[in-house]
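First comes one chain, alone, set out as structure tokens in the form predicted alone.
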Amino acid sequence: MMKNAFSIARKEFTDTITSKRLWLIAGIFLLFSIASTYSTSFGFMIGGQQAVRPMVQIASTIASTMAYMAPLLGIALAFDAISGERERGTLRILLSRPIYREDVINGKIISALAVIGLTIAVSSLASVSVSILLHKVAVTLDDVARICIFIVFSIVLSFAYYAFSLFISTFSNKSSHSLIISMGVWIFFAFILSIISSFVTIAVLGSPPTRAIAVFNRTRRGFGNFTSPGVPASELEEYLSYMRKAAEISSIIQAFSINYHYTQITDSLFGFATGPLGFGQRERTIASIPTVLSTRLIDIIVLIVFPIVFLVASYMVFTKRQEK
């Protein structure tokens, strides 16, 4: 059975890596990553600040870009994986051969996982390498480990969207329908849900205290320094208390988004304090990798379970549907 699946996977892999669609996405990601890392280092030079862990901060900007590009890669590979074959009439021809339906979907999944892994790994490492050459950044063994872990979770995020888009593609008769639904879900998770959380926060808590905002803006220095001599602690605490409550509400709502769980992991991995108690603060000491993985265990589980659920659903739909 797996022999046929690997044969299909080889053909799919060859077709995909030579497609303009893949190279376009990889090129856009590389350009955005380089631009964002350059702007980060330029900001430090303008501000006269020296980053304690420059490679980690540069990697965090790459992670921000990846949070948008990885889902698009997964969707681009999956939206027409089955529906495209169905539209062209090649699916019936393929299934008329002495192969199992499981071979077809297994072959596509194996190929997609290989392409996603290769694309994200090469693009991320290329972005990091260019950043090192441009900014002459020193890299430690811990930096390398964090980047490797980031690449792994980025592959999982992209594959999660692949699994969802594949599920939509299995019962869609037109690739355009599959693409619209998949992109709609991505837009909702990436943009709309955060807007909804903001509206809900204001509806529940009301607008933030005006006086506290003015004090906060006047006293903030650098990344998350919320204290300043001569400023009443009560006024700063009033603002921070509001934002902690707002972050709690936002985290509850955005927990429905797979993007949120990915961001929680990468933010912790690259030194951002996440969660309501660490709102907006940049940690002075970056948590160790084991600590990050243990504290973000729920996010990791969600990130892994999400694609498994939709892969199982894709198998069920594809193997039982009768092609006409």
Partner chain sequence: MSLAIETEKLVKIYGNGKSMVKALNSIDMKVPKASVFGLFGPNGSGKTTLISILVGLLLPTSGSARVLGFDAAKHSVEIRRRVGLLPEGFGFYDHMTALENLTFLATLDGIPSDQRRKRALEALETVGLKDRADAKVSTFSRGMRQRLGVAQALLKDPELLIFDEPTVGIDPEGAAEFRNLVRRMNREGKTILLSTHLLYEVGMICTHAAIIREGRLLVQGSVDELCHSVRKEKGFRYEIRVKPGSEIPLQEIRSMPSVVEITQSDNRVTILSKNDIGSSLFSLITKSPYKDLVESLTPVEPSWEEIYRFYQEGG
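Numbering follows the first chain given and starts at 1. Small disclaimer: the values here were computed from a predicted structure and weren't measured.
Not pictured, yet referred to below: the form predicted together with its partner chain.
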Quick check on this chain: which one of Ile196, Ala190, Leu95, Ile110 has a heavy atom within 4.5 Å of its partner chain in the predicted bound form?
Leu95
Each of Phe153, Thr291 and Asp299 within 4.5 Å of its partner chain in the predicted bound form, by any heavy atom, yes or no?
no
Among 128-136, 86-94, 141-149, 247-255, which stretch has residues whose heavy atoms lie within 4.5 Å of its partner chain in the predicted bound form?
86-94
At the 4.5 Å heavy atom threshold, is Lys11 in contact with its partner chain in the predicted bound form?
yes
Within 4.5 Å, heavy atoms only: does Ala114 come near its partner chain in the predicted bound form?
no
Look up in the predicted bound form whether Met183 has a non-hydrogen atom within 4.5 angstroms of its partner chain, and give yes or no.
no
How about Ile99 - does it come within 4.5 Å of its partner chain in the predicted bound form, if we only consider non-hydrogen atoms?
yes
Where, within 3-35, is there a heavy atom within 4.5 Å of its partner chain in the predicted bound form? Residue list please.
Asn4, Ser7, Ile8, Lys11, Asp15
